[in-house]
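First, one chain by itself: the form predicted alone, in structure tokens.
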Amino acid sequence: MNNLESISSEIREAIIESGGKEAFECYECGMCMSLCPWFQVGNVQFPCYRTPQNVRLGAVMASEEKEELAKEIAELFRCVACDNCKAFCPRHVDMGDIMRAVRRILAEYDSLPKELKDVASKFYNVGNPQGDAPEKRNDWATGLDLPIYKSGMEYGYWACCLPAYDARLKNIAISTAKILNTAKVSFGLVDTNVWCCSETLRNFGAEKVFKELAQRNVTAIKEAGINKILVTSPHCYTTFKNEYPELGAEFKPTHTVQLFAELIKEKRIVPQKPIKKKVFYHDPCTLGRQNGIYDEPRTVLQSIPGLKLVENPIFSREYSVCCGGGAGGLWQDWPKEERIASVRVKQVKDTGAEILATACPYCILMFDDSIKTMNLDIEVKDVSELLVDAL
């Protein structure tokens, strides 16, 4: 098939209609490729700047060769929605929107990568990516005597599916609850009739499933009377803040690090136990670059006696290197030599840090995997886990 035969106006119009109109803002300077975290993974070539051009031409998913099409689909799912390209693009082109539009077409034609197809099925059937029973959503709180949210409480606490179901990550939710109780914050758990926020579904193209699950949550939260919802995951925070309002949501999300910083400022919690460690704070893309929350987690860490906060002098705050877990990356089976997280872990190692701290469950899982494969002696902790240890 020659280049002219691969051009399809039908494909172009379908992608534009699905949200890809930003493709016409790109003038192919190539800056996005050098900003993309994949650029730092030496053996990976990901020319993301070509995607807008291919959308404009309708030269996406046009091959009739099975192997070529599979290769192209795999490349389209390399984007981890870190938004680094958008943040520094001279035209502010939203590459994430373009990628999501293309992926929506792929999802409609049942052409998602197998791992993501399996995850989408779990979302749809039981409402969480782990595939666990919905009624077990609050089992992490067993023995803590935490109430379900009722009218008059200040916050409904939404733990996120990963801390809710994952054996390693449930300690984040437990630590958060202990901190809130210490500060005498009025809160209750969101009941088990909600399902995953489904942010990742929208990012990897399963738009119909996203809307169905998100609408279910909007209705449940509204019926519970929750006006302020406290979240552990930046991914929940972002979708609640920026996407749920289009479905009628009226509640306000707060990320835990925002509340922790406020409680410390008000002296409702006072860290007293020293943690004499060098701690590297990693800015999650979704919390930092996409929502501008940089100072609050540092305020929390700097309040802990004995803790020495270290950073990479170049790749910090808005320049932070993605962990690779966004937009379905968490469930992609990347080869050992193709892990963005390993680039970040090496930067952490070079500072001499003993602990890698962050405020995102996705980041924790991605970094844990890389540290194990790199055989390094670095702990990965959520900010809440360090704070509760200091109280």
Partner chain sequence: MSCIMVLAESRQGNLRDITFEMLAKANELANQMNLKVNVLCLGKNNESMAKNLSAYAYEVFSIDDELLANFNSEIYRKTISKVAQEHKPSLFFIGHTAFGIDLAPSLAHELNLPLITDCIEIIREDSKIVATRQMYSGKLNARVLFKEQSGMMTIRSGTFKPAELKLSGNIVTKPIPEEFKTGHASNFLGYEEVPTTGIDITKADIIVAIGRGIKEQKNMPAVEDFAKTIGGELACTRPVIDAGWMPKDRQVGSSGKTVKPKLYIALGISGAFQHISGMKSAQTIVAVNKDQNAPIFSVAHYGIVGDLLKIVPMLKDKIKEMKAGA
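Residue numbers count along the first chain shown, from 1. Every value quoted in this text rests on a predicted model; they were computed, and no experiment measured them.
Quick note: we don't show the form predicted in complex with its partner chain, though the next part is all about it.
- The candidate stretches are 320 to 328, 336 to 344, 29 to 37, 349 to 357, and the one lying within 4.5 Å of its partner chain in the model of the complex by heavy atoms is 336 to 344.
- Proximity to its partner chain in the model of the complex, defined as a heavy atom within 4.5 Å, holds among K211, K222, K122, R298 only for K122.
- In the model of the complex, every residue of the candidate spot (D166, D369 and K372) has a heavy atom lying within 4.5 Å of its partner chain.
- With a 4.5 Å cutoff on heavy atoms, E115 counts as touching its partner chain in the model of the complex.
- Not displayed here, its partner chain is approached by Q130 to within 4.5 Å at the level of heavy atoms in the model of the complex.
- Using a 4.5 Å cutoff between non-hydrogen atoms, V41 does not count as a contact of its partner chain in the model of the complex.
- Looking at L365, you'd find a heavy atom of it within 4.5 angstroms of its partner chain in the model of the complex.
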